[in-house]
Structures are given as C-alpha cells and as structure tokens.
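Only one chain comes next, encoded as structure tokens, the form predicted on its own.
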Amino acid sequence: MKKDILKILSPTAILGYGYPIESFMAGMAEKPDIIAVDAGSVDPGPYYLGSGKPFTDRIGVKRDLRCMLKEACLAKIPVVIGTAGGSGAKPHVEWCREIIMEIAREEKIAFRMGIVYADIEKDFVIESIKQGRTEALDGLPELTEKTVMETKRIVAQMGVSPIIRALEKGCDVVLAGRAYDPSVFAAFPIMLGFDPGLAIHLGKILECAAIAADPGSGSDAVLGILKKDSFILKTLNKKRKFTALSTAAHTLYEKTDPCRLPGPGGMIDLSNVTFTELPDGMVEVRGSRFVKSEKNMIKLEGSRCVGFRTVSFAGTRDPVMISKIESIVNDVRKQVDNLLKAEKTKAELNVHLYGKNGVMGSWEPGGDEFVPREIAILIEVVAPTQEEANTVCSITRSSMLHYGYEGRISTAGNLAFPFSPSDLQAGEVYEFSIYHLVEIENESDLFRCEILEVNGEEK
C-alpha cells in the first residue's frame, strides 16, 4: 500500500531508558504507522557482548515494552526493536523475548513476532578471511583466524533487508539482534517505497529519540514524519523543540565525515542537506541521498576475554601527599612490580587520579601546575585469574595506604576508603577483538528469522 506520509514514533533512545507516558500517548494521538526503538549500542563497551549480559535494567525494559506493545496492538501497527538486550547476540535477544512473552501473558495480547538473529558462526568468518572478503576499519589490524577463535561472540550489524523480510511475513512485532541503528526505523518506510536516503537519515536522528531536540533527552518520545522528498521532526513534550542547529548537530553525532554516513550496503550523502525550522518547534529536512556501495559490506563485532579485574577506590585530602602524588604512585608501582617479578605473576596495574588527571591523563591542561584540594584514587588491576587480580590489588592498596613519603605527619593510613570491603572484584574483562567489515552476497541469507504466533496464553 503506497502512502504519501508515514509517521514513526520513537519512544526512547534505548529501550529501558524510560519515557514520559504523556509524551508517548501524545505520539499515539498522532496516529503513527509504526513504533520503533533501538535497544542497544557498543558505547558501554565490549563486556556485555562477551558476557552475554544486558546493560539495561529488566524492570525498565519491561516497563517500556508493556506500554509500546499494548498500544501498538490496539492501534494495529507494528513494533520494531533493534539490537535487543543491548548487544544483540542470541543471549540478549532471548532475554528480551522472555520479557515480551511475559507481557503478552499478563496483558492477554496476541501478535505475530519475528525474531531476527544476528549471530555469526566462526566458520563463516574464517572462510571470509581465506577468501579475502574481510576488511579492517581504520587503525585496526587485519583479521586473523587466531583472533576469530579467541572471540567469545560475534554478531553482524544488519541493515534493513532482514527486518523487511520479517515485516513482509506479516509480523506485528520484530525483535532483531544487532542492527545498524537507523535500520530499525528505516526498514518499514523503505519496504513501502519511501526514499532510502531520507528514511535512513530520519532513522539516524530517531534512534536517539529526543537527544536531537533542545533541550535534549534520551528519555523522551519524538515523532518522525516522512514524506516523498523530506521529513519532519516533531517533539511530543512542550518542554522541548527541534531547531535547525540541534538537528544539524545531531546529524554530525558519532561521525568522522560531516557529509557521508556509511552503513550496510551504502552511505547517505549529506552534502546537500538543508534544515528548515517550522512553527511549533518542528524542523524539516531535505536533500539526504542514498548512494549504493560497489561492495555489499556489513560490520562484524566480536568480543574476547582478556583477564579478570579487581578495583579499589579511596580518597586523600592530605596536601603533602597530593603535592607528591605522582612520585608516590611511581614508587608504589615499582614496589609492586618487583614483587610480581619475584612471584612470576603477570598483571596490568593502573592508578587513576580523579580530581587531578583521572580523565585526560597526560593530556590534562596545566598538568603538574594544578594542585587539587582532594583526590580520588582508583586502583585497577587486570590479571589472568581473579585470584591474581585480587592479590595484586591488595598489595598495591596496602602499599599506598602505608607508604612513608617525605613530610608525612600522620603515622596511620594515607587513604580514606568509602567501602568495606575496600577491594571489589569486577570479574571478567573483555575487549573488542573483531570490529571489521565483511563482504556478503545477500544480507537476508546471513540473518536467521524465526516466526512465532504469540497468543497471550502461552507459558
């Protein structure tokens, strides 16, 4: 069915972040054609992909989904969820699926659900390496078979095609694994024949919900109105409005090139885009253009375990210690290093000085000239086992606690600990081992789709 105007309701920047019910219902009053929401990101780091754990709270996700699913069923419009569970691997998707099934039973609602998995087999990646179909992103080493085998989980960032396939099969709810953020919003309009350049650009803004508004918020709903040759952004909260500046600024969000937005299968050319302010805090955007790439490339993401972490957090307000803090840290580090060599223990030790240079490190303007009144000291140890990390953190913490520096007045401890126990086990440490492109033939063939009939009574 060809439409001249299509309305997309984006409730929140990430599923579980929450949204005001008043804003959401104002969006439903606009009679949207679809509700879409991004549920994840790589921003929180590699731990969640590697561990299979969600980074959003279950209660928050269920609260957000309950309202979305109930209202969508009443309005008979589809719901599309992307990067389920935060990282979009099978454990995350299954976690979100269980929540949806719970809501369906509790609310006695029925719908057809398509589940699109983004997990990639290691054999496929290894074969792609052998065939020369993988490509490292800027600054990364070429992908090797060894790296693939060390990786705990691998997902691919799906574009619009796998989501369209689920929608074409009549799915009322699409629960997708790792997805290119704009795809969640762009798939439905592209399926209906809307311009892909405009649809993906609109999706790029809607995936962050009201963050692109002024004032911005990741926990508020907005509406996208897609037309033949433009799209309009509308806030659903009187406290906010879209401006040309706020919209243009968000278009540059997380981008290395101000005029090109790469994604699965091509890029959006933004070199001729215009932003026009309309009454009532709306903005109209024109000129976004999709350019198909010569090779059909998608991004792979993988995470591997590199050890175990233990941390200890303390503070100091002693002006003498603060004036010598760098030399004290260096001396303590030498003591610990000598002990590690004697015991043949391997560990990575970091001491972060928050309040002095904990964020910027050596790049901090002013450097040693700045003398703070107090410092928070974070001792971080990563080692091959949790026991080794615990041991090294304990040695470092006690060495710093009782270090006898020149000018020291007190003979008691140097540090103030806010917690007991002072040392906290942080468990497994992960790093992104795969962040590469792979050339594929057919995107839909790579992502398995499962169809479920949810009747609201099944347990």
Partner chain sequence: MKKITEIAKVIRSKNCSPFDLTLDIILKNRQYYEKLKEQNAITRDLIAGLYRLPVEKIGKIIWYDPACAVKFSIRRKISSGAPGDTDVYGAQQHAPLLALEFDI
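Numbering follows the first chain given and starts at 1. Since the model is a prediction, treat every value here as computed from it, not as a measurement.
Just so it is clear, the following notes concern the form predicted together with the partner chain, a form of the same protein that is not shown.
None of 149, 74, 359, 371 but one reaches within 4.5 angstroms of the partner chain in the predicted complex through a heavy atom, and that residue is 359.
A heavy atom within 4.5 Å of the partner chain in the predicted complex is found for exactly one of 153, 234, 309, 165: 309. The candidate stretches are 30-38, 401-409, 64-72, 429-437, and the one lying within 4.5 Å of the partner chain in the predicted complex by heavy atoms is 429-437. With a 4.5 Å cutoff on heavy atoms, residue 60 does not count as touching the partner chain in the predicted complex; it lies far away. In the predicted complex, at least one heavy atom of residue 46 sits within 4.5 Å of a heavy atom of the partner chain. At the 4.5 Å threshold, heavy atoms of residue 248 reach the partner chain in the predicted complex. Using a 4.5 angstroms limit between non-hydrogen atoms, residue 140 touches the partner chain in the predicted complex. Contact residues in stretch 112-136 (any heavy atom within 4.5 Å of the partner chain, taken in the predicted complex) are absent; none meets the cut-off.
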